[in-house]
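In structure tokens, one chain follows: the form predicted alone.
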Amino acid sequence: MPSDVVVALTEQTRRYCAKEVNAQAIDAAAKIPRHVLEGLAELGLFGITLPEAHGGAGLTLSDACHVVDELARFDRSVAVSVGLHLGLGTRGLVRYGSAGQHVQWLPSLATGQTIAAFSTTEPGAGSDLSTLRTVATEKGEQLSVTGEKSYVTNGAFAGLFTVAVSTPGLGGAQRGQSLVLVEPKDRGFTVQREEHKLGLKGSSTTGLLFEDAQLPRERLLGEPGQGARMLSHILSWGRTLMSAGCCGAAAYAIDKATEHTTQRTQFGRPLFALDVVKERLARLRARHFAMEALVQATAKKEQDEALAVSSLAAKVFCSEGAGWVADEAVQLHGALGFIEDTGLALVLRDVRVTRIFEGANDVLLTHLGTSELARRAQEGPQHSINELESALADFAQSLSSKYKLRVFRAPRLLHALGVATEWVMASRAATDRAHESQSATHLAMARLIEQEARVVVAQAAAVSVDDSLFHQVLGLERPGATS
């Protein structure tokens, strides 16, 4: 349960957004009004997770997730802008920054006077961060940075950027990566034009250009050459906060669908009276319950190594869930759901990118499957507490037995195991939350999610058995052909 402080902060956020945030107007203008950002800063939202010693509130990742969830119920662009600042934008500085860097930047970041951005993606490097082509080299006491970055959230108005760069030889790592801090005023650094997007139009998304940009060596964040290790932690925070935003978007869509089906009359009675409508709404609510449970279970691991794996599952499950919920809510509205005035079309557009940014879901699922196999190999056979856990264990064991170490070179199999793993983790979180609350409604929702998870695990295990059909469909292999 959130603390009294977070409950009060969330309520303040709700009242402010209800009065000042107009999602349709923000979408139409493709910009968040400056007074909205200033109002959020006055509430202290930009300093939630920053240290108290530097003007922040010192709250936890879990606390920040509650606030980002609330913001997303009103506008996803606002939620992304704040969530990016709290997670990817400032987390690296908070955890790995020097005392001098803290003094220089954290106070203005905490008040929202300075807003943070973060950048790894490049025109030729997306999910594969090992291929970064933006390079920083030493020139005396300076760093010279050359390269280009893409899709930088908060880019147009950020006052501080955390940027991942390749630093061959720096810190002794011949192929190492490092993180550097960049300000808009730095010579040789240019913020490029705004992107024209499908959704999240109010948030700023730009490119960055480095043309022999000159930075003091003190702009290195943490240990040189250790960027990959630091990125793992920073991205885990970012994915968790983004997942919380997905929960808020789904909650909004469910509220709209419930309101419409209660008021809309067809065949002489409200839509809600139809069994098929009741079932669909029940499934929407159960999915949202599991999404929230998995986010909070993940956020509680903020200082734990397990955060990296749990955040993968949360990001995929919640982004896929938000998209499914929004689509179902549109369907329950009939033709009205296709009209922008309902707000659902906007949600559908906004949440689509969550399956892509901060790691494309298919890539993350492969990582999750790899992690699950590695974990089981390290821990050895374990007693499974229920049928669902046993099914996942049997699936993982079958892959290991059949393919041995070759399975780690089979992305399709790892992807299938990742799908099964994220659903089992979500079901586990929902069950734990339901048992904690002892609510009959929560227990019923957890059981429904467990039923769906069983189907997902069975399907994932089935499609991993034989891939010859896929090759035949693609014309890569003739039936009966031998290799």
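Quick note: we count residues from 1 along the sequence shown, nothing fancier. Just so it is clear, the model here is predicted, and its values are computed rather than measured.
Just so it is clear, the following notes concern the form predicted together with a small molecule, a form of the same protein that is not shown.
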Which residue, 321, 202, 359, 87, has a heavy atom that falls within 4.5 Å of the small molecule in the predicted complex? 359
Picking from 77, 236, 120, 134, the single residue whose non-hydrogen atoms come within 4.5 angstroms of the small molecule in the predicted complex is 120
Classify residue 153 as contacting or not contacting the small molecule in the predicted complex by the rule of any non-hydrogen atom within 4.5 angstroms, answering yes or no. yes
Find out whether any non-hydrogen atom of residue 363 is located within 4.5 angstroms of the small molecule in the predicted complex, and reply yes or no. yes
Indicate whether the small molecule has at least one heavy atom within 4.5 Å of a heavy atom of residue 353 in the predicted complex. yes
Would residue 283 count as a contact of the small molecule in the predicted complex, using a 4.5 angstroms cut-off between non-hydrogen atoms? no
Partner-proximal stretch of 373-381, 298-306, 144-152, 186-194 relative to the small molecule in the predicted complex, 4.5 angstroms, heavy atom: 144-152
